[in-house]
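As C-alpha cells, one chain now follows by itself in the form predicted on its own.
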C-alpha cells in the first residue's frame, strides 16, 4: 500500500470511528435514567470517548502521512483544509471533554465534524504541486494556527447549540424557535451538498466550458453538476451539455456558485422529507437528548472556548497572515475578500467578549452569539472561498 493510499484509509477509519462514537454518545445519554442505568450510561460514554480518540489518532495519521507524501502541510486546498478543520474540531472536543468530563458535548461536535469531513470529500483529493505563492513555511504556520483557532471557537457554537436545544421552548411560536430550526436546516444543506456531489459523480456527469477570467485570459473548466450559473463569457464545449441559465461576472466563480445552489435545492428537499416523515421539527426530535444537560456548565464551556480560541485565531488569521502577505505580495493588507472576512470574524469575537464581560450577556444571549460567530466562520469557508474570486481562491 502506498503512502497516499494509507493516508486515505486512515481518514476513512477516522470517519467511521466518529460515526460510531456519535451513536454511542446518543445511546449513553438515552440510558441516563434514575432507575440504576447510570453506570451503564457512563460505561458507554467512556467507550464513546475512547473510540473518538482512536478516530482522532487515525485522523492525525492521515494528516501526517499526507504531509510526508506531498512534502508540505496538507492545508493547501479545500479538501485538505476542510479535513484538517474537522480534525482540529474533534481535537478541541477531546480537550474540552478532559477539562469538564461532559460527554454530551460530542452529541453536536462529532456530527458537525462528520458533516465537515463528508463535505471535504466532495472536493478533488489529488495531491498537486503548490502554486508559487503558497511555497512558504508560512503556509504551515498561518493556516494551521488559523484553523486551530477556528475549531476551538467552533466548540463555543457546539455548546451554544446544545444550550439552546434545551433552553428554547419549541412548543411556542417565536423568533428563537424559528432561528434554532434554521440552524439545523443549514446543517441539512451540507448533507444536500454531499448527496448532490455523490449522485452526479456516480452518474459520471461532466460538461466542459470555456470562459474569460478576471485577467481577460480565456480558460476552460469542467462542471460535474448541471450548470445553473456559467462563468464570465461562458461557451459550452461539450455537445449536448446544458447551457448555463445565468452568466456571472468574472469576480464570481460560476461553478462553485452552481454547486452551492444545487446543495440548497437538495438539502431543502431532504429537510422537507424529514419533516413530512417525522411530522416534527428537527429541534423537537433532538430535545429529548439534551434534557439532562447542565445549562450553566455548557454556558461556561462556550465562554471558555472563546477565551482560548480567540487569541489563537488572532495569531493565525491576522498576525501570521499579515506577515506572510508582506512576504508574498509586498503588503500587510490588501482588502482581499478573505482578509476582510477574517477581520470581520475577529471583530465579532472581540465584541462577543466585550458583551460577555462588560454587559453581562450570558446564557441564552451568549449561546446565540456563539452560533452567529460560527456562521461567520462557515460563510468565510464556503462563500468567500468558493463563490467570490480572490487571492485565496486556490481550491
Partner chain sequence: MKNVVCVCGHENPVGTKICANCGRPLTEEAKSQKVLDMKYDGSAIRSKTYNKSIIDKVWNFFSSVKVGVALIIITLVVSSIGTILKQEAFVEAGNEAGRAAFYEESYGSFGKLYYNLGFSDLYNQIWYLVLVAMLGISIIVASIDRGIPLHKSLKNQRVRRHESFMKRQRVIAEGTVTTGDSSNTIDAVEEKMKKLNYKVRREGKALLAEKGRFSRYGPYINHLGLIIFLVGVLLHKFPGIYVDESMWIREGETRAIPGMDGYFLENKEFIFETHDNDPTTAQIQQGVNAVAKNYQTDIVLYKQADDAVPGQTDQLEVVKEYSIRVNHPLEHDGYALYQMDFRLNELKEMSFQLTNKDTGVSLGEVAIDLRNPKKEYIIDENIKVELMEYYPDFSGFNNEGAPQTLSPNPNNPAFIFNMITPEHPDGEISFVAIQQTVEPTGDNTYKMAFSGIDTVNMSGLTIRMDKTIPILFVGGFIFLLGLAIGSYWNHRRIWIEQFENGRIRLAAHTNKNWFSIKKDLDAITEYAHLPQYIDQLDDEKETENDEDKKEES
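Remember, it's a predicted structure, so these values are computed and weren't measured experimentally. Positions refer to the first chain, counted from 1.
We do not show the form predicted in complex with the partner chain, though everything after this point is about it.
Remark: of stretches 238 to 246, 181 to 189, 196 to 204, 285 to 293, the one touching the partner chain in the predicted complex is 285 to 293 (heavy atom within 4.5 Å). Interface residue among 64, 47, 328, 54 relative to the partner chain in the predicted complex, by the heavy atom within 4.5 Å criterion: 328. Just one of 174, 216, 132, 71 comes within 4.5 Å of the partner chain in the predicted complex, counting any heavy atom, and that one is 132. If you check the partner chain in the predicted complex, you find a heavy atom from every one of 319, 322 and 357 within 4.5 Å. Taking the partner from elsewhere, residue 233 is found to have every heavy atom lying beyond 4.5 Å of the partner chain in the predicted complex. Contact annotation for residue 278: none of its heavy atoms lies within 4.5 Å of the partner chain in the predicted complex. Of the heavy atoms in residue 224, some are within 4.5 Å of the partner chain in the predicted complex. The closest heavy atom approach of residue 307 to the partner chain in the predicted complex falls within 4.5 Å. Contacts between stretch 242 to 257 and the partner chain, counted in the predicted complex as any heavy atom lying within 4.5 Å, involve 251 alone. A shift of at least 3 angstroms pushes the Cα atoms of residue 250 and residue 76 further from each other in the predicted complex than in the displayed structure.
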